[in-house]
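What follows is a single chain, given as structure tokens, in the form predicted on its own.
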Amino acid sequence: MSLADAPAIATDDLTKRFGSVSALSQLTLHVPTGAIYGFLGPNGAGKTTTIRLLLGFVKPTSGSCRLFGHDCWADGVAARRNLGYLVEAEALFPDMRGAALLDYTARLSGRSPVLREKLLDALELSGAALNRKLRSYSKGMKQKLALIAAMQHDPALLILDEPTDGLDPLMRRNFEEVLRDLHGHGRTIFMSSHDLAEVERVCERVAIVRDGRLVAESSIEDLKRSHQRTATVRFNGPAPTSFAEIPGVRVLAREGDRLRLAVGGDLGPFLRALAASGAIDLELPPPSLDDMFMGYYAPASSTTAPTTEAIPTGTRR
């Protein structure tokens, strides 16, 4: 594969140990150029370690990571030549003024800040704010400035670790529109976030890590199709017992004329049984990314143990 055909990010068996602690183990990911990609996991899962390896801040114990075909450690300058990275807001120089910080980061990138004015407008950071020292900024203002510094030179690849931390809901939506616009122009975006609803709205594909290992990697739509959904069914009379025998269906709760069911795999047997059962109401919402994420992290007992909990009246699942 030539460098021109290389994925924007490629890790192969990427492993990092700190003494006896394994922070990342054999992570293999290929992020295509032009993708908008979510990288998910709780604190301590290995997300930040992965990003630090991509940025060349630490050396892999084994395996490799590359940006556009360039090794992040052995060929780091070339790897990061067309990169934008979100610096932690609290790491910004407090005695610099906002405008000076943007000028400084533009010089570091070696590229013209062609998107600066557009980003300032989208994230509503005023000229008056840019003339103030950063020590007077709120957390949200620092986050806006850090985002603009990362994106202003229109890099081919953006690596964003918790990009909306400190932003209010309106600014989060504005930022999402910025990401969609950059994606529409072929830029690659790799973002780590605890806001699963945001990732679901913005990203095409996600990887989920747990304890330093990859546990899932797929498009969001494929994850949804493969994940169990929760159905609440109301019947014209007492709820039947036959649903426990349907492949892919598990009874979660039963009360009077209602059942709550976990439904996975092929929906055909469930729908055929439903049609013949005298059901008069069905709630079957699509799984959210939050549901799927918690499915990977919930203790095994929480997903396999039977339950007899009552279904609260009027609850919509």
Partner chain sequence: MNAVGALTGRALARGLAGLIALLGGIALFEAIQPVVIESFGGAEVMAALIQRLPPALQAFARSRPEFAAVNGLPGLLSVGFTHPLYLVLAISAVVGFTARTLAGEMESGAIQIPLSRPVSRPAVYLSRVLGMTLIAGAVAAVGPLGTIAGLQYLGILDHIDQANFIALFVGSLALLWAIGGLALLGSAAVSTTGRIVGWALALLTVMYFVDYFAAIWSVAKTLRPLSLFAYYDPTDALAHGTVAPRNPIVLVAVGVAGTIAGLVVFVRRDLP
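Residue numbers count along the first chain shown, from 1. This is a predicted model, so every value here is computed, not measured.
A second form of this protein, the form predicted together with its partner chain, is not displayed here; the remarks below concern that form.
* Contacting member of V114, V77, A197, A244, with respect to its partner chain in the model of the complex [4.5 Å, heavy atom] -> Going through each option in turn, the one that passes is V77.
* Exactly one of I220, V87, M171, A99 has a non-hydrogen atom within 4.5 Å of its partner chain in the model of the complex; which residue is it? -> Going through each option in turn, the one that passes is V87.
* Which of 262-270, 35-43, 22-30, 48-56 sits within 4.5 Å of its partner chain in the model of the complex, heavy atom basis -> Going through the listed ranges, the match is 48-56.
* So, A91, Y104 and L108: all three within 4.5 Å of its partner chain in the model of the complex by heavy atoms, or not? -> Verified in the model of the complex; spot residues all in contact, yes.
* Asked: Heavy atom to heavy atom, is W73 within 4.5 Å of its partner chain in the model of the complex?
  -> Yes, W73 is a contact residue.
* Does its partner chain come within 4.5 Å of any heavy atom of R81 in the model of the complex? -> Output for R81 is yes: heavy atoms within 4.5 Å of its partner chain.
* Can D95 be called a contact residue for its partner chain in the model of the complex at 4.5 Å between heavy atoms? -> Result yes; D95 sits at the interface with its partner chain in the model of the complex.
* Is I208 close enough to its partner chain in the model of the complex to count, meaning some heavy atom within 4.5 Å? -> No.
* Partner contacts for 142-160, taking its partner chain in the model of the complex and a 4.5 Å heavy atom cut-off -> Residues within 4.5 Å: A149, A150.
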